[in-house]
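What follows is a single chain, given as C-alpha cells, in the form predicted on its own.
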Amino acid sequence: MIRSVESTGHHDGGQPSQSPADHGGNGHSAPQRFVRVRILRQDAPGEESYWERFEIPYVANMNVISILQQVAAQAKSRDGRRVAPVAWDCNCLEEVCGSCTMLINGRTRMACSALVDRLLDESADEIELRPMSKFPVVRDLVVDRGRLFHSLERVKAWVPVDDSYDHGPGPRISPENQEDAYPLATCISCGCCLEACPQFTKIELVRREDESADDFEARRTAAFDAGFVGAHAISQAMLFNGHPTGKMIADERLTALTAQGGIQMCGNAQNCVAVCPKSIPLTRSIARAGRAATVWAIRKIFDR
C-alpha cells in the first residue's frame, strides 16, 4: 500500500516548469527552468511507502545523483513542506561501484549515469524515482542488497588462495581466454539484472520477538539459499571456473548451481542481458553454466 501525502497537481506544459522571470537591466532575462521529481519514500524497514514531489532548478548536464543532492539540500517538498532529506546510496559516481541502482522512470538503471536531459525526453512531465523492488527497503531509495552478495558466496565467486607466501608466477592464460573472460570480470554487482529477472523474487524476513539474532540469521540464510541465485552469480561462477586456478573448486561451484535455487530456476526471459549497464553477455554465461552442469551431473553418475 502506498499513501499520498500531497496534492498531485502539475504545472501546465510538457517542459521543465518555469518561474516568473527576474527582470534585470534590459527586462529580457530568461525564465528559470525547474525539474519536477516524484520519489517513492519509506521512513523505515517494513513501513508504509508514500510519494513526495520535489521541484529543483534545472542545470544542464545533470544526472539523477545531482537531483538527489539538491533535493537533500533543500529538504522541502514541492508544496513547501519541510521534509527529511531523501536517503540514497552512491559512492564512485562513475558507474563502477554499483551502489546507486534504482528504478528511474520505471526502469532499473544507475543513477550516476542516468542523465536528466535524456530522462526528460522520455517523460517531460516529471522524473520518477523508486527503490529496487527485489530487495528490502532500509529507507527511501536505500535497499538491503545482502542477498546479492550472499549469492556470490554461494557460488564461491573468487580464486581460492589459502596463504600469503609467494607461489611464483601463475599459470599462463591465452589472449583468447583473456578476451573471453574480461567482459564477465566487469560485473559491478549493481543488481540491475536481478531487478529485471522475473525468477528473482523479493525475500524480506522480519525478526520475531522471541528469536535470537543467530536464529534469525540462520533463517534468513536458509531463505536466501532457497531463492534463485541470479544471473550475476551464475556468470561469476563461469568466470572463475574458466580461470586456471579458480577451476580447482569448479565442482563446488557446480554443486551450488545445481542445488535448490540454482540454474534450473532460470526461465530464459533474457531481461538480465537487456538491462546490464556493462553489456555483460549474461545469457551466454547461463547457457554455458547449463551445459557444464549437465556434463558434470552425468559424469557424477558414471563416477560412482
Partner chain sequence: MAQPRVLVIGGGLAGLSATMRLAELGVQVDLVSLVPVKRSHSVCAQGGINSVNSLTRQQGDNEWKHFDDTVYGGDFLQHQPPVKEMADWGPRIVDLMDRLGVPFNRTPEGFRDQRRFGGTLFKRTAFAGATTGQQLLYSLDEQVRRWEVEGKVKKWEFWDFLEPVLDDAGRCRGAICQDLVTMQFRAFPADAVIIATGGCGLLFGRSTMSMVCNGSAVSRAYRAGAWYGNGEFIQVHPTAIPGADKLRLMSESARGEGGRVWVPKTPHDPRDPRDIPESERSYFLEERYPKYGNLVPRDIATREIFDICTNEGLSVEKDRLCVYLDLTHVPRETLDRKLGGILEIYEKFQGVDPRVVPMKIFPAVHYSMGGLWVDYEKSSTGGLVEGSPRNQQTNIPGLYAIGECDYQYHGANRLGANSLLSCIFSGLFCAPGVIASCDSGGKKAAEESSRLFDSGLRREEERHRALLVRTAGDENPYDLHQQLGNLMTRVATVVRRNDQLAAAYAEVCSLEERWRRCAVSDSGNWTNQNVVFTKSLGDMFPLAKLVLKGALQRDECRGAHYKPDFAMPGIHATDPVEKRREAEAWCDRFEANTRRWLKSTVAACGPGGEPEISYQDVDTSLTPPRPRLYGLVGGEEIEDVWKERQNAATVGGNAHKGPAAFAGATG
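As the structure is a computational prediction, the values presented were derived from the model and not from experiment. Positions refer to the first chain, counted from 1.
Below, we turn to the form predicted together with its partner chain, even though it does not appear here.
- Contact check for R208: no non-hydrogen atom falls within 4.5 Å of its partner chain in the model of the complex.
- Taking the partner from the other structure, its partner chain in the model of the complex has no heavy atom within 4.5 Å of any heavy atom of R78.
- Contact check for R118: a non-hydrogen atom falls within 4.5 Å of its partner chain in the model of the complex.
- Residue contact check for S66: one or more of its heavy atoms lie within 4.5 Å of its partner chain in the model of the complex.
- Though its partner chain is absent from this view, in the model of the complex it lies within 4.5 Å of a heavy atom of just one residue from E122, E153, D215, E204, which is E153.
- Contact check at 4.5 Å (heavy atoms) against its partner chain in the model of the complex: none of L40, E48 and I127 pass.
- Residues are counted as partner-facing when one of their heavy atoms sits within 4.5 Å of its partner chain in the model of the complex; in 169 to 188 these are P169, G170, P171, R172, I173, S174, P175, Q178, Y182, A185, T186, C187, I188, in sequence order.
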